[in-house]
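We begin with a single chain expressed as structure tokens, specifically the form predicted on its own.
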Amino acid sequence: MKLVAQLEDFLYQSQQAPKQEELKLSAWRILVHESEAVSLGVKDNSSGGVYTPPSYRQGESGEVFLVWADGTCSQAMVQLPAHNDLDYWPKALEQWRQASYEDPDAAHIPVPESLPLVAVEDQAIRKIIEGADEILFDQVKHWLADKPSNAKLQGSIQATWGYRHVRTSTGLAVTYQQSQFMSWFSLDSLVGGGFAKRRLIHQEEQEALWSLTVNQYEAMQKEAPPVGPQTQVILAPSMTEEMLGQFILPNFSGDRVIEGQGAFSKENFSEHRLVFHPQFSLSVDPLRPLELGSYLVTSEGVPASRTMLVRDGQLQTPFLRVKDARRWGTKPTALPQGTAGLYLKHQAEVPWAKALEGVADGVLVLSVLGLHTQEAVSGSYSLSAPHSLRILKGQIVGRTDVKLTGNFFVDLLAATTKAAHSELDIHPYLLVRTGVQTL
């Protein structure tokens, strides 16, 4: 709390009566995070060693956005001074002034609005931070005890508790608690499972995630027949998330659309162009309780709200920060936190177990190589998937190595693309007809 208090007091003084007129502010915004985190890891079946020691850390950091009296702007990352240095903030202000720039659309601080009620903290995680951390050690013990005998286990668990402070010169003063719990593990770096929410994982979720991963690992030990021209490709939820991050997220960023650097133009959104199959919709939803992408207010002081990016296959809006919204001529939207908070939904989704039963000839892609090298605007991909699982007559029968070639925008537009959901994932399995061949 010290950082936000110091900053708020100093910036208010710089707005009212600065020591130098050229350092006078007309508006400002502060975002500060306070956090405490406890973590524990496993490397090559060893827990608590030199590479994965149990750790506790705490920190306080933030960012400021400033609008000077002449209308120029500055932004900077900030941390609490190491010592009680009375000259620290005045010197910092001079440096920020030297780095000012002109951006009239950005020089706007929204006035406060009412905030939604969103659950973003789990008191069980706070108890871990306060010392009841045996749950982390117990979980690692279970992993090591239950893993396949010849497998090398890698993994990590982290619990985080903290406060988020947002202050603006227009009168917004918000402080709220938030938590995170993240865990992941992998077996021989072939298959793995992960969990990331603002709440503690439930025992049944952990057991289901572990069981799924071990079953996939055991299937990886068997060689399966090669794929053929009729083989259906199924993207696992983690792969769907990665594809959304590579091809969808950047192309729905308001600044890229406005600058003409994305796959879609502003006119495409105005005309509600059909870009996905009508059964698909895409939204940013920070209002879901205890999800990683949920929040009360953005760093710019905009209240959380649900925003449809694509409805029934048709473009609605990109996600817009304050600057983008002023250029667009509308209000700011919800903002995704990476792919967290981004939801792709299909009207005819079925449970994954049911979808699997209907796959006569398929391949389940768990990971690929080189996705980050694919050109985001075109949507085209050519990817190696060396650790995939072959599906025949509704059963996973073994491992196969494949290469995928296609276009993700075409996949989402095709009537043949289906989706299946799992209780363990927020992103769906995607069943697509795309180019696939054995490596």
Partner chain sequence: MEQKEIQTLVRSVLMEARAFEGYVIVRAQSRREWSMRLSNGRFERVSTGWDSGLGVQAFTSGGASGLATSDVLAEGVGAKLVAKAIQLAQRNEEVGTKQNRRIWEAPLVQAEGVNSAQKVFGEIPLLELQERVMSLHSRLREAFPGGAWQTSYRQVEEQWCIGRTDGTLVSFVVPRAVLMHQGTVRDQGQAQSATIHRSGVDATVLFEELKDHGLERKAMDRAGFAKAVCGAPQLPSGHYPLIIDYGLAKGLAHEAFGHAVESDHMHESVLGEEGKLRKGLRVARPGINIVDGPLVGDWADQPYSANGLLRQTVTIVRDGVLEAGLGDVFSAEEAGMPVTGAGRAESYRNVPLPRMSNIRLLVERMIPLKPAEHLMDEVKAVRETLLQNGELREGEKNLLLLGYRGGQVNPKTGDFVFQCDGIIDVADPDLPIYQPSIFSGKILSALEAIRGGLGEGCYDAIGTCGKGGQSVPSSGGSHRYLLMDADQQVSLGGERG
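Positions refer to the first chain, counted from 1. Given the structure is predicted, the values throughout are model-derived calculations rather than measurements.
Beyond what is shown, the protein has a form predicted in complex with the partner chain; the following relates to that form.
- Figure note: of the listed segments 281 to 289, 196 to 204, 348 to 356, 83 to 91, the one touching the partner chain in the predicted complex, with heavy atoms no more than 4.5 Å away, is 83 to 91.
- With the partner omitted from this view, the residue of H277, K323, K266, H272 that lies near the partner chain in the predicted complex is K323 [heavy atom within 4.5 Å].
- Listed residues L369, A173, V111, A360 were compared with the partner chain in the predicted complex; L369 is the one with a heavy atom within 4.5 Å.
- Proximity of S46, P54 and E102 to the partner chain in the predicted complex is complete: all three residues have a non-hydrogen atom within 4.5 angstroms.
- Of the heavy atoms in Q6, none are within 4.5 Å of the partner chain in the predicted complex.
- Taking the partner from the other structure, the partner chain in the predicted complex has a heavy atom within 4.5 Å of a heavy atom of W96.
- The shortest heavy atom separation between D70 and the partner chain in the predicted complex exceeds 4.5 Å.
- The partner chain in the predicted complex is approached by G260, whose closest heavy atom lies within 4.5 angstroms of it.
- Residues D188, S189, L190 of 185 to 210 are found to place at least one heavy atom within 4.5 Å of the partner chain in the predicted complex.
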